[in-house]
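This document starts with one chain, in the form predicted on its own, laid out as structure tokens.
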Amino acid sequence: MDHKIRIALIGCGNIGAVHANAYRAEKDRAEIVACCDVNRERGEAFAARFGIPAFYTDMEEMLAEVRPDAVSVCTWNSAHAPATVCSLRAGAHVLCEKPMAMNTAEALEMERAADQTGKLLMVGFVRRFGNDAAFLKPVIEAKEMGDLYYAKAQYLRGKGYPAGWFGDLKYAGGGPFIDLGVHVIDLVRYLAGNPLPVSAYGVTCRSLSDQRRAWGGGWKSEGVGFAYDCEDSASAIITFENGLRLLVETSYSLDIPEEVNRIELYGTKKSAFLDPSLSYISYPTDNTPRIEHPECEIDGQVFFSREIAHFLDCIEHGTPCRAPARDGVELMRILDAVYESAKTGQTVKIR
């Protein structure tokens, strides 16, 4: 492009700030020209904080007047589809935060809009940009682990409800499974080569309600005017077309002493284990000593910066997108199936 990529942000909350910081790190080739939020006071403060020249409360007005090259959608989940479709049809490339949508139907609508407009739609699967993924993906692709046949993923918080819209089904579409489960399900699927899901069995629990809303993660969502009607915890077993089975456990509220964020991958030759502070791979079949990789520590802002840099590369250089809309659609198929299974008590066939 013969000018800096002109960025607009829709959503001026916590994740919007993370995106803004990442774009600022790319100031030589991108500039944030406008932002939009339904909360005027918060949005104006956000614009002042990041030196953004224009603030709007109406995204259609912003898109029509500013005509950005690209948009980051950082809203609550129920606004992902309308904000994305509106931005694509206004001629902008879009990076939409996870989960892609509230359901598969919305995700397909978003994908169609991208196809029809010829614009890029990238989904915010930020764990794909981690050191752990960079280390393990080539290992798996080279068949050093053999064939992956089983995986276990846990994203569990004891006091992990962020409050506000995160517990309101109208805005979030679900609780910890749609919020936290997305990260670990997608990372396993990405590492495994994106196999298609074929079935899911899920259970959800709502026993503790929001009584343990205090979370030591450093921030909370808005806490006024929202219901708490989502699950406290959810578990699922997902089967993929290549025979891989994934056990997933997620929670906002659970009797555990500390947060658990761990992925286990089992292959016919070797196994790998990831957690927030350390990634290591073990070799149980050939007596090779365990190899530890402390540099695989999770660093959220670094990962988001890599994600934003990749988004700009895709726009500027036509780099193949590492997190395309189709992967978001398949993740939504999984989420829909798990929640449906939890309602019916039956395994749900995806394809």
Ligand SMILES: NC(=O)c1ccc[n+]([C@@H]2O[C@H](COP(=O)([O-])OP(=O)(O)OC[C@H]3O[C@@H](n4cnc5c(N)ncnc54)[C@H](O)[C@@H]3O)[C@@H](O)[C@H]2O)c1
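Each residue number is its position in the shown sequence, starting from 1. Values in this document were obtained by computation on a predicted structure and should not be read as measured data.
We do not show the form predicted together with the ligand, though everything after this point is about it.
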When the ligand is placed as it is in the predicted complex, which of 318 to 326, 37 to 45, 64 to 72, 23 to 31 ends up with heavy atoms within 4.5 Å of it?
37 to 45
Name the single residue among 190, 165, 266, 201 that comes within 4.5 Å of the ligand in the predicted complex, judging by heavy atoms.
165
In the predicted complex, does residue 185 have a heavy atom within 4.5 Å of the ligand?
no
Would residue 304 count as a contact of the ligand in the predicted complex, using a 4.5 angstroms cut-off between non-hydrogen atoms?
yes
With a 4.5 Å heavy atom cut-off, would you call residue 335 a contact of the ligand in the predicted complex?
no
Looking at the partner-bound form in the predicted complex, is residue 126 within 4.5 Å of the ligand by any heavy atom?
yes
Could you tell me if all three of 10, 13 and 97 have a heavy atom no more than 4.5 Å from the ligand in the predicted complex?
yes
Neighbours of the ligand in the predicted complex among 139 to 160 [non-hydrogen atom within 4.5 angstroms]:
none
